[in-house]
Structure formats: C-alpha cells, structure tokens
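Before any questions on how it binds or moves, here is one chain, the form predicted alone, in structure tokens.
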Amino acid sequence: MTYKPSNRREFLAGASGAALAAAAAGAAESQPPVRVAVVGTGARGSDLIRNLSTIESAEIVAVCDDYEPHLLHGHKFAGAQAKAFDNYSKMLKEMKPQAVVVATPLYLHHPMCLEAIDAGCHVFCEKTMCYSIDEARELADVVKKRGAVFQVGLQRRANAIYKQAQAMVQAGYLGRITAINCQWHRNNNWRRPVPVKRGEPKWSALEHRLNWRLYWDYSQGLMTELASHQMDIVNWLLGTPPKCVIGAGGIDYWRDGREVFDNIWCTYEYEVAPPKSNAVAGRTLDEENRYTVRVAYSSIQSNAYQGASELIMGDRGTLFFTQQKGLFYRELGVEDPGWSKDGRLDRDATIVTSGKTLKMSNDPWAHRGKPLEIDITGDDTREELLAFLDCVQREDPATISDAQNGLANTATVLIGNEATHSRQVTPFPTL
C-alpha cells in the first residue's frame, strides 16, 4: 500500500477547570442529561466511555463497534442502560441520540461525522479530525452550514496547565517567542497483539483491523496520532498556523511490515507578531513587526527519554510542560549580562583577547533561574467532555476546539507527512 498525501504550585489558574466543572454542573441541574452514543469502543473509545459514565450531564444510551470483543468491553463500561450495536447507521436511526462521540480509526471520521450531523446529532470527534485536508474542508463547511455543536478531541485545550501557558505567553512572561521544541518519544512498537496465529485465514484482516495505525489506508501515522496534540498547542500559543514545513523520517527501527514511519522529524516555520507587552510606545504591531519562529517536532519509537513534552523558548523566559506539570524558567542576565560581576566573565561570555578564547558555559542549567512550578490534578479527557456537553446543552457551537480549528490542525500535521515524503519545503494550504 502507498502513502496518500493529503510552593507556588497554586500559581496555576486552576480555577479555570473548577469554573468549567461548576458551569457544567449548573447546566446539568437545570436541564436533562445529554443522550450520548459512542461509536468505536477500542482503547480510546472505552476511555471516553469511562469518563462519560462519571458525568451527570451525560446519559450513555448506546455504544457501537463492529468488532465484538471491543463492543463487549465498551458496553461493560457504558452500563446496562446502554444498548449495544454493531451497525452505526442502525444505531443512529433507532436510538436518535442528541450527541455522538466518534472514536473510530482515522479513515472513518469523515463519513461517520457527516452521517451523525445528517441525523441531527451534535458531534465529538477524536483527533485528528479527518484523514485528508479535503475531507476536513468539507466537514468544516457542513458543520458551519448546519449549525452543529462540533468538538475535536484535542484535550490539551481543556488542560489547566496549557491554559496557563497560553495566558503567560499572551501576557509577555516569556517575552518574544524565539523557538519551540516538541517531542513525543516512546520505546515500543505501537503494535497490538492479534488473537489468531499468523498464517490463519483471518489473520491478515484482523491484523489490519487491530493495527490500523500502522497502515496508510487507515492512518496517517505519528503525525495524526501524536503530533496533532502538540502542533495544536503550538498553533494556539502562536495564534496562527504555520507557513511551511520541511521533514524527514522513515521506517528505520521497527521493520516489521508496517507502512507508516517509525520516526519523523519536522521543522515548521511560523510568522507571528510580538506579544503586546513588547510593543514600543506609539508603534503598532503591524505586518512590519512580524518575525519568524521555528518549531522542531520529533516522534520516535525506540527511545522514551523525556516522553511527550513541549519547550517554549522566549527571550525573557522558558516554559517546559507536559499534561501533568509545567515549569517556568526566567532567563538569567536578561537585564544585566553581568560580565563584570563575581568572576562571571569566564563562565558566561565568549571574549577574544590576545589570541585566546574564553569559553562560554555549556552547563544546561547555567542560564536559567529557579523554576516556577505549575501543577494540577485532574483529567483533561474528562474536562474536554464536560466542555462539549455544556456547549450541547446551551446549543453553543463555540466549543474549545471547533471544526475550523480541527481543519487547521489536520492541515498542519498532514503537510508534515507530505514534506517528509517529498523531502521538499511544503507550504500551508489555503483553507
């Protein structure tokens, strides 16, 4: 098959998550729960079902999967009140849910979301929104025309740490953003066991069903399964999609019959405006003030060092964060390089004198201040579902990650794949 292009822990504004939960709870008290159906009851679908079962504003009325082991597993979490289906169209017609949660393989997102909207349902669609940019354009257009409540499962937008990071960037705490590094590193083969022996008649079909992420016909690989989360945060923090990307990658470690890359490295270029706090009095932030930020993204499956993390670097400070913790480091020496103080000349500066070069410190901790820790407890999957249900009850299409954002996210990650295959600079498309 071929590739198809397409202790200051309380510093955190954790109240935002509490406020969201309180708002959703208030809506639940005044309105009946949303009748929800879930299609796709594999690992991610079952996780969404477990979370939905803890939310009073949700009533799980049906679950659907055409693979019986997954269906039985998901139905167990949904509860006896939910009816099980192996046919999606039949479920929509018979149960008439208010909202549908789509947690199926990527290649099914587009047709299943369109069918749900056509049936009058609101939709929560797992990331990435669509398999191709053209599909994402069409779906975003239909959502807009029909006025459906639509949310893409990019749950970092519901995470209080990332909300705090966005507020700090906007307030100028980091100064002018100069570079961003994102990575999602694992040390496993991403392959799931097949419950029949290789060589048996059913093995090939079942292998592709269970390991769909490894084949281009069903998946777009690491960029849609992992990078979509992190590149969404980059777009959010910088307030714009990228201009272009270059990439490299391949199947270099797990040579086991898969088709998608087992490693990928992309460099995106963004054109952004400085934060308002950096504006010079009397000068506006027009196009002449815009500058380039480069974003490095990597995903590998042979080493898990630092796991999934993001590093946002500005000329005044640095943010290092994950879904569970954030650290803010102020840049030392921003106001005063200190070259004449306390013997720091040798340590912090490179000066050529009498033919001798004094080395600048390579200590990775030498130039950053004591970290400010941003910590939370909670589950951003549950928070994103609460946010979606609240919008459904209020009939508010302004979800935390709507179809337009899903379209931009789809394009952002898919041009990474295109650039990697072509080994050429790939521009961001017109949306």
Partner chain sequence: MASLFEVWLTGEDEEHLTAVGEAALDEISRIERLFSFFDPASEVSRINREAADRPVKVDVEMFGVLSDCLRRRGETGGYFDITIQSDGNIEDVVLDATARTVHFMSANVEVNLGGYGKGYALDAAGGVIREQAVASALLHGGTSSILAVGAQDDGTPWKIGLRDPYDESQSVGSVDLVDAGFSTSGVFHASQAESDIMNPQQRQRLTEQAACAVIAPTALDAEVWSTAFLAMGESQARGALLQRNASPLRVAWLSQDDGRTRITWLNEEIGQ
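Residue numbers count along the first chain shown, from 1. The structure presented is a predicted model; accordingly, all values stated were derived computationally and were not measured.
This next part talks about the form predicted together with its partner chain, which is not shown.
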Review point. Within 4.5 Å of its partner chain in the model of the complex: all of E56, R192 and I376, by heavy atom?
Key: yes
Practice item. With heavy atoms only and a cut-off of 4.5 Å, decide whether R50 touches its partner chain in the model of the complex. Key: yes
Review point. Might G79 be said to contact its partner chain in the model of the complex, defining contact as any heavy atom within 4.5 Å?
Key: yes
Check your understanding: Can any non-hydrogen atom of R382 be found within 4.5 angstroms of its partner chain in the model of the complex?
Key -> yes
Review point. At the 4.5 Å heavy atom threshold, is D256 in contact with its partner chain in the model of the complex?
Key: yes
Review point. Pick from 171-179, 225-233, 131-139, 192-200: which stretch has a heavy atom within 4.5 Å of its partner chain in the model of the complex?
Key: 192-200
